[in-house]
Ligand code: SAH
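One chain comes next, on its own, written as structure tokens: the form predicted on its own.
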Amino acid sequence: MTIFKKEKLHIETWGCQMNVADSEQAASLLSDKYELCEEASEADLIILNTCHIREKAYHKVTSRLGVLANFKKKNPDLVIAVAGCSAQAEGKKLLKNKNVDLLVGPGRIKEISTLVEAAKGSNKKISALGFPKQELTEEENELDKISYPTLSEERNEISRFVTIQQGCDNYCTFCIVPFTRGREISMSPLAVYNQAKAFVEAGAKEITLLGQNVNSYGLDLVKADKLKASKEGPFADLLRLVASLPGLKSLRFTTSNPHDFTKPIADLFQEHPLLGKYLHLPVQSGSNQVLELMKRKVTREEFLERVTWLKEACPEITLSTDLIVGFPGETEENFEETLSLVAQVRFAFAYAFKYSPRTHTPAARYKTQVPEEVKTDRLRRLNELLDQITLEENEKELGKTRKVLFLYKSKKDGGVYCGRSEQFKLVKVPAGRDLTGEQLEVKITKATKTALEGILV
């Protein structure tokens, strides 16, 4: 009797949650022939699932490929694949790298198993880019029932990602996503429900629905007459559908574009406790002049209106956001408007970055580029304000009792379990038993900028 021995697969993922979900899908599709390993030096197949949202992300890929060259010298049969947004955007450059055997764009992840086999049996480089038309038949949706392996500690079996939409139709002037992930394509509600159901049946307690712009979920299906939606819209219908899953304790979603975030979605935070008390709502700038240059399709006043909707529906809601400093044409006055918006909304935290020109985007061609030293100074000032607000808001939690879903055990502190409150704040609690997967009440006793600490009530 011959015992089949699986080869070893190592995956490194950079960038957004969509990439994490894609990596987990790739690992699942390859699982019949490959088993995951933590060390790249042990692998027969290495996949770098890449980001391209900023220039630094691409440089990270090329730097990593240089390191992996040493492994290829020791193991000539090693296959190195570059997947994700850098593969799509920089395919021609990456194909020139002698260590790259396979390129896989975000739109071709479902073909990964066939592509790897082709790369192994060929001396030629394999390139699978672009966005083939997807017909969402029931047979194809069966793929979304697979229970994907987890590739990181925080994204364990308790909290899982479900992709509901690929691509973006907004074309903000700074953003490369429409070029690297294509136009918006929505998964069918049945496919989303089945994938979420499979995760919950496998032990998940929290589901996060993913899309480049979840608010426009399903509009393409409605337009193609493949879906009927209520007056509140297909995304509201989907949230209600997934929230009905027995055993689900928490339902989150990201990312929301403020320009088409509606009041019915805000009201769902009052209607469905599973949605918690947190939302990520990227604003990018507090200046109407800059927002217009970015083509964000929303004004400062409209953004604040959406914040009001959310706080009326859920008074204890916390918000996070994305911010870009040094966008072409941004003046000191414009930047001060961003600071004032941050102070007014008091975001729980924010992802703040210096503007990075991306090929193919209109903003890269703007003549009013901001000097690098000015961008660096503005980012420093913004982060100082954000850090101050985050600490102050966390300190307001002292003495309060919060419901916490515990996700994993701390590797650094053996008896400490880590989870997220309904406000998405990281909470650490010492315990003499395994709390993973439980949702329990915790009294907050300590607050820092990065986390809260507490005791079980």
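Keep in mind that this is a model prediction, so the values were computed, not measured. Heads up: residue numbers just count along the shown sequence, starting at 1.
Separately, the form predicted in complex with S-adenosyl-L-homocysteine exists; it is not shown, and the next lines address it.
With S-adenosyl-L-homocysteine omitted here, the record of contacts in the predicted bound form names 169-177 of 199-207, 169-177, 96-104, 337-345, defined by a heavy atom within 4.5 Å.
Contact annotation: D322 falls within 4.5 Å of S-adenosyl-L-homocysteine in the predicted bound form, judged by heavy atom distances. Although the partner is absent here, I53 sits close enough that one of its heavy atoms falls within 4.5 Å of S-adenosyl-L-homocysteine in the predicted bound form. Within 4.5 Å of some heavy atom of S-adenosyl-L-homocysteine in the predicted bound form lies at least one heavy atom of Y355. Although the partner is absent here, S188 sits far enough away that none of its heavy atoms falls within 4.5 Å of S-adenosyl-L-homocysteine in the predicted bound form. Taken together, the three residues S23, N49 and Q88 all stay farther than 4.5 Å from S-adenosyl-L-homocysteine in the predicted bound form, as judged by their closest heavy atom. Proximity to S-adenosyl-L-homocysteine in the predicted bound form, defined as a heavy atom within 4.5 Å, singles out one entry of G233, G286, P282, G329, which is P282. Contact with S-adenosyl-L-homocysteine in the predicted bound form, defined as a heavy atom within 4.5 Å, holds for exactly one of T163, S216, S159, Q212, namely Q212.
Contact annotation for 230-263: residues with any non-hydrogen atom within 4.5 angstroms of S-adenosyl-L-homocysteine in the predicted bound form are T255, N257, listed in sequence order.
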